[in-house]
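Next up: just one chain, as structure tokens, the form predicted alone.
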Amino acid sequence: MIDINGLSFGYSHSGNLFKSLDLSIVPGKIHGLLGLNGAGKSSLLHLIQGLRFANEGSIKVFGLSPMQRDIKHLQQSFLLPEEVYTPDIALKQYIDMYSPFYPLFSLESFLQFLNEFELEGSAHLGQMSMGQKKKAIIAFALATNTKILLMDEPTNGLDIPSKKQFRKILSHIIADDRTFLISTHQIRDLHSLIDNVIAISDGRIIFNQSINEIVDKLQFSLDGQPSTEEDLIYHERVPGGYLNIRPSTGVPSFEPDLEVLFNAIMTNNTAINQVF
């Protein structure tokens, strides 16, 4: 469980990024963290991991404050950054150096994930492309078996087959006692995995709903023309016509398009949240 209450944080050159932000993240789900560039998605992950410190408010992970850098927190939480930097060493050396920090690390799982990413356990990080390094560190992150896994744009730098393998692996390791929080702009890469959608804007959480609630409360329909109905919340031109979003009427709906939903949240947030 991650509990954030009254969080305020900012940088000296740009003022407050978060203003009394509240958020609770429960285990057993893959949470998608969405927001425009500069909204603070990466900063929020760093705060949860204890790499940055809040100006006001509190963050609790397993009941502990990340800023205290308690070993119980560090052993059970892993942050995968968008850009990975690796030492010029063999993968085996990397594992020998870093896996002892994570008591539940599984070498068997790591080698399995490497294999699915078409990498060899005998490979040398210094001889890998950036995409290969990203896959190697993703494999390590997933093999730590930490209770909380924070991922910042994990599919950036991956080729199409690797994105498919990433989704396959992630879907197999989700568990009731594990929490996955993924910050992404590549929502189409991950839409089939996300259980809960969190959107951040103007220093606060403006949307936080499960896919089940979204399916229950919103109706997505593809029409030849944009709807003029009074209850229309949002419409967007897509291949084949216009994707319309309106409150659910019980009529069978298209599968939610999370990219279009995000645009609706940013454009007509008041109407979206009134439905919930």
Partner chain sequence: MTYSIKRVQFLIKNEIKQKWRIFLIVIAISFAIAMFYYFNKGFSIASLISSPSFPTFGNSGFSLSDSTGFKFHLNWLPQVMLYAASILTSLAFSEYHERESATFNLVTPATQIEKWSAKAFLFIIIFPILLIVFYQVFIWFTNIWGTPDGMTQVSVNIFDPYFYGFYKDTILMQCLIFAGAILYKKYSILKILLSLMGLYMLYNFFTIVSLAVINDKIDLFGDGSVLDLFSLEKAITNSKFRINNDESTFMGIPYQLFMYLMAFISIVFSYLRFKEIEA
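Numbering follows the first chain given and starts at 1. Given the structure is predicted, the values throughout are model-derived calculations rather than measurements.
This next part talks about the form predicted together with its partner chain, which is not shown.
**Q** Quick check for you: of 177-185, 69-77, 194-202, 112-120, which stretch puts a non-hydrogen atom within 4.5 Å of its partner chain in the model of the complex?
**A** Only one stretch passes the 4.5 Å heavy-atom test: 69-77.
**Q** Within 4.5 Å, heavy atoms only: does R246 come near its partner chain in the model of the complex?
**A** Judged by the heavy-atom cut-off of 4.5 Å, R246 is well away from its partner chain in the model of the complex.
**Q** E108 versus its partner chain, in the model of the complex: is there a non-hydrogen atom within 4.5 Å?
**A** Contact with its partner chain, no.
**Q** I'd like to know if Q49 sits close to its partner chain in the model of the complex, meaning any non-hydrogen atom pair within 4.5 angstroms.
**A** Although its partner chain is absent here, Q49 would touch it in the model of the complex, with heavy atoms inside 4.5 Å.
**Q** Classify D159 as contacting or not contacting its partner chain in the model of the complex by the rule of any non-hydrogen atom within 4.5 angstroms, answering yes or no.
**A** Looking in the model of the complex, residue contacts with its partner chain do not include D159, since no heavy atom lies within 4.5 Å.
**Q** Quick one: F53, M97 and P100 and its partner chain in the model of the complex, is every residue within 4.5 Å by at least one heavy atom?
**A** Result yes, every residue of the spot touches its partner chain.
**Q** Hey, which residues along 255-271 are within 4.5 angstroms of its partner chain in the model of the complex, non-hydrogen atoms only?
**A** Residues within 4.5 Å: none in this stretch.
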